[in-house]
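Here you get one chain, nothing else, as structure tokens; it is the form predicted alone.
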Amino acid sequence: MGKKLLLKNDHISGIQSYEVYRQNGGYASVEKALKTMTPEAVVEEVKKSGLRGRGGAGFPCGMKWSFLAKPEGVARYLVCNADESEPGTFKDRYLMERIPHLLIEGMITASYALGCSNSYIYIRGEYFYVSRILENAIAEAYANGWLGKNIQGTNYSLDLHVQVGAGAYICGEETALLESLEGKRGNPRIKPPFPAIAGLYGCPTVVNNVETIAAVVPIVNEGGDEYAKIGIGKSTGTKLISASGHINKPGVYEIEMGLPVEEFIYSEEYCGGIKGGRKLKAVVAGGSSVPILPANLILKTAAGEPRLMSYESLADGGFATGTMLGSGGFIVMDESTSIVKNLWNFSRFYHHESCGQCSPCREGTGWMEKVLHKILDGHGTIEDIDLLWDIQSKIEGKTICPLGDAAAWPVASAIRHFRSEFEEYVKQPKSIQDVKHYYRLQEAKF
């Protein structure tokens, strides 16, 4: 069984409450940081750990922190991105719901390291009930001296706020999130300037994902070097994976980076194999915005090496034969899955969630949905498949934020690996007479 850092106390009854959390070592990282470490030392430990952003981008967290501008007399902010809107991803919700004080502890320790006196948790509107859990836990932290003035008798003070969004996928992009937090429409900003220079209210700001901030706790407690010993290569530590789809044991799993994908899917410790004994057809490894891979490429790389649950291994071969770890939304599809229907569902989502600011995304996502619907409806042509490929290529890399890429990559990978399925839909009968003839032919096969 792999080592657990974030979910090690998940099984303890009452761990959601302050008393039980504290009895099991809670807030030790805050005590250690505030009483024995400088803010710079905390940043250095995070750098040593090799922790990478767990929200999808995988950017080194310590490096991101070191970019934070520190002009004299100007406020700095830490904003937790709890706008977990990526289809197939639910591990942040689980963490906040089950162990809310872990996130709060991480927010205090990280805020101290960054020199923030006010920090924010921005949570998606659909998680309103989770926001109440966080607010109750924050009230407990205030009551026990972990938030507010002179935390635990030190010179450090911090106020922590929860802001509920309105349920827009686009607000998962950090600058759109900041716009929404300021009370404006959640449109992504043009960068530069980056949030580290001009973020919330024009001040230096760090935006980190829930899991990333929670990981600061074991890093400070155990040391960055110890954390870096877990995992493989530049993919250090553990990772929360949201596993769903045609598997026997869907849920949230904490894995050590470098676990073989095949073991994750088929072992009883994790997903428990494909439901109903069917064959594996495809996997979306990091949420709906990453390229889909067929069974042969998700289990092994193009070179025949076992595919691992790590940033590097999943990306091996580029988008021609690889994918991304992303947010860890691991969606498993068996042989009964229609890739075309699945893709239409994804495209419909991205069309609906586009903010409309960029023409390629605003128009392109709509056209991809329409063309896919036409193919599914039995009125598509071979030229429509080529048109889909052309549309996605005109979106990727041509928008202010990555939503355009997120909409384009699933289309490109589905056509690249499953073009024959698209062609099969195109060949379906178009008229009543054709339908009768088609089904007579199908019956003749059996």
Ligand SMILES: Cc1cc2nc3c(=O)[nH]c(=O)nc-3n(C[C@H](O)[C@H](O)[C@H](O)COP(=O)(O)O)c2cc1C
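Don't overthink the numbering: it's just position in the shown sequence, from 1. No experiment lies behind these values; they were computed from the predicted model shown.
The following text describes the form predicted in complex with the named molecule, which does not appear among the structures shown.
- Within this chain, Asn208 lines the site of the named molecule in the model of the complex, having a heavy atom no more than 4.5 Å away.
- The named molecule is not drawn, but in the model of the complex it has no heavy atom within 4.5 Å of Gly380.
- Among residues of the shown chain, Gly55 is one whose heavy atoms approach the named molecule to within 4.5 Å in the model of the complex.
- In the model of the complex, the named molecule stays beyond 4.5 Å of every heavy atom belonging to Cys355.
- Looking at the named molecule in the model of the complex, residues Asp83, Ile170 and Pro402 each place a heavy atom within 4.5 Å of it.
- The single contact residue among Ser119, Thr212, Ser288, Ser242, judged by any heavy atom lying within 4.5 Å of the named molecule in the model of the complex, is Thr212.
- Only one of 315 to 323, 223 to 231, 137 to 145, 84 to 92 places residue heavy atoms within 4.5 angstroms of the named molecule in the model of the complex, namely 84 to 92.
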